[in-house]
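Listed next as structure tokens is one chain, alone, in the form predicted on its own.
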């Protein structure tokens, strides 16, 4: 089923907002100037963006590019685990749990950096890898995985990832603990 990306973005807007906020957070943490931010917009090409100054080093480039993956994944887990608890412990769900699962999965769906983020990271990583920068060398396969994840969005890979860490992972853990 093909649904335009803008509709998915509207239905999962918290994830878009957190994704862009993560880019901005890592810019601030690395003292990179943020020139413009759009946390969410109704645009077919880009639903959000952060325009920032040039990172001073490869570590900053890496963190700004990859930051949303870490933050969105962490927030998905933090929001979904307690929301899934009533279902997995008591086989019950309520409006608050369902809302929190939607929120967490929406955030988790938008964890992967964009193709543009991956392209910037690839360019910097290949340059720095030639200088034997260990982080740059280690990031090259990560960038390839980001490109693959973005290519697989047409089969809902981003939604599968969000659902896995937000719904199925808590189920696996709770069922093994109980």
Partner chain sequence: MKKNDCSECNKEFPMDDLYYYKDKSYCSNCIEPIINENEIKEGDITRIYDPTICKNCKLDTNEELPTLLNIPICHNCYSFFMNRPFPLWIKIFSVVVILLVIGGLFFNLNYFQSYLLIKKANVSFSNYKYEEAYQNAKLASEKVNNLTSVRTLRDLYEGMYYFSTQKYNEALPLLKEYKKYNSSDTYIEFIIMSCESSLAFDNKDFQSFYYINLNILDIYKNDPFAMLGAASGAACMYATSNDTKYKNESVGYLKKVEAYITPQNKDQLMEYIQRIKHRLFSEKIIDRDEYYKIFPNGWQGDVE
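Numbering follows the first chain given and starts at 1. If you're wondering where the values come from, they're calculated on a predicted model, not measured in any experiment.
Omitted here: the form predicted in complex with its partner chain. The next part is about that form.
**Student:** If you check in the model of the complex, is residue 31 within 4.5 Å of its partner chain, heavy atoms only?
**Tutor:** Judged by the heavy-atom cut-off of 4.5 Å, residue 31 is in contact with its partner chain in the model of the complex.
**Student:** Answer yes if any heavy atom of residue 79 is within 4.5 Å of a heavy atom of its partner chain in the model of the complex; otherwise answer no.
**Tutor:** Yes, residue 79 is a contact residue.
**Student:** Answer yes if any heavy atom of residue 37 is within 4.5 Å of a heavy atom of its partner chain in the model of the complex; otherwise answer no.
**Tutor:** Yes, residue 37 is a contact residue.
**Student:** Should residue 51 be counted as a contact of its partner chain in the model of the complex, where contact means heavy atoms within 4.5 Å?
**Tutor:** Yes, residue 51 sits close enough to its partner chain in the model of the complex that at least one of its heavy atoms falls within 4.5 Å.
**Student:** Three residues, 9, 148 and 152; all within 4.5 Å of its partner chain in the model of the complex via heavy atoms?
**Tutor:** No, the whole trio is out of contact, none within 4.5 Å by any heavy atom.
**Student:** Could you run down 67-101 and flag each residue that has a heavy atom within 4.5 Å of its partner chain in the model of the complex?
**Tutor:** Residues within 4.5 Å: 78, 79, 82, 83, 85, 86, 89, 90, 92, 94, 96, 97, 99, 100.
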